[in-house]
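Listed next as structure tokens is one chain, alone, in the form predicted on its own.
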């Protein structure tokens, strides 16, 4: 089985290709508002480096969020288009789950955090003691102080914080949790599409692959444009 996976939920896009349960090509690229111009050429480059074509791919995989609205939307649309063109199925995965999988088999709980702007974070809390994380707090968007209250209610043990949200709110986390807060090295702070490949294999084993039209983003909150529209057209009491 050959799988192509991408993660475009943050400013550092990830692309990976596997053949028969082995990663044969992987790339991390800084998008910086150039995702649409760079993602397809980078996919083509990786396929060539692995001596594969798009038609060789059996499953097209994308993170479905949460994260950057533009990035998630672009990644999902790219995988939908490629899967449709090749007549192949898709799989989607949470960017937070993929981020937590950087710490598979860890004893402490893992809290992946992505900066959601507006003084909020995209967050979850996982038991990562097995290859596939088990959620203790499901994917959500909320102020970091509220999240830390929930974590404190869940456990008094150390927790690993990972992601750009952990970097952004490092001081607040340390203030609230003290030495129970463990911070990932910077090289672990991005979701990796290679982890998305593992999640796609898991979906395939359970018969849970998707038609391209079924691969949809999960944003967790309305976009700025949607919130402005709701505000503009709201009717006062």
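Computed from a predicted model, the values in this text were never measured in an experiment. Numbering follows the first chain given and starts at 1.
Another form, the form predicted in complex with another copy of the chain, is not on view; read the next lines as being about it.
J.: Hey, of 75 to 83, 146 to 154, 116 to 124, 103 to 111, which bit sits against another copy of the chain in the model of the complex at 4.5 Å between non-hydrogen atoms?
T.: After filtering at 4.5 Å, what remains is 103 to 111.
J.: Heavy atom within 4.5 Å of another copy of the chain in the model of the complex: which of 173, 57, 198, 35?
T.: So the residue touching another copy of the chain in the model of the complex, by this definition, is 198.
J.: Quick one: does residue 91 come within 4.5 Å of another copy of the chain in the model of the complex, counting heavy atoms only?
T.: Taking the distances in the model of the complex, the answer for residue 91 is no, it never comes within 4.5 Å of another copy of the chain.
J.: Hey, in the model of the complex, does residue 218 get a heavy atom within 4.5 angstroms of another copy of the chain?
T.: Flag for residue 218 set to no.
J.: With the partner left out here, check for me: in the model of the complex, does some heavy atom of residue 27 sit within 4.5 Å of another copy of the chain?
T.: Looking in the model of the complex, residue contacts with another copy of the chain include residue 27, since a heavy atom lies within 4.5 Å.
J.: Quick one: is residue 184 in contact with another copy of the chain in the model of the complex, heavy atoms, 4.5 Å cut-off?
T.: Yes, contact at 4.5 Å.
J.: At 4.5 Å, heavy atom to heavy atom, what parts of 1 to 21 sit next to another copy of the chain in the model of the complex? List them in sequence order, or say none.
T.: Sequence-ordered list: 12, 18, 21.
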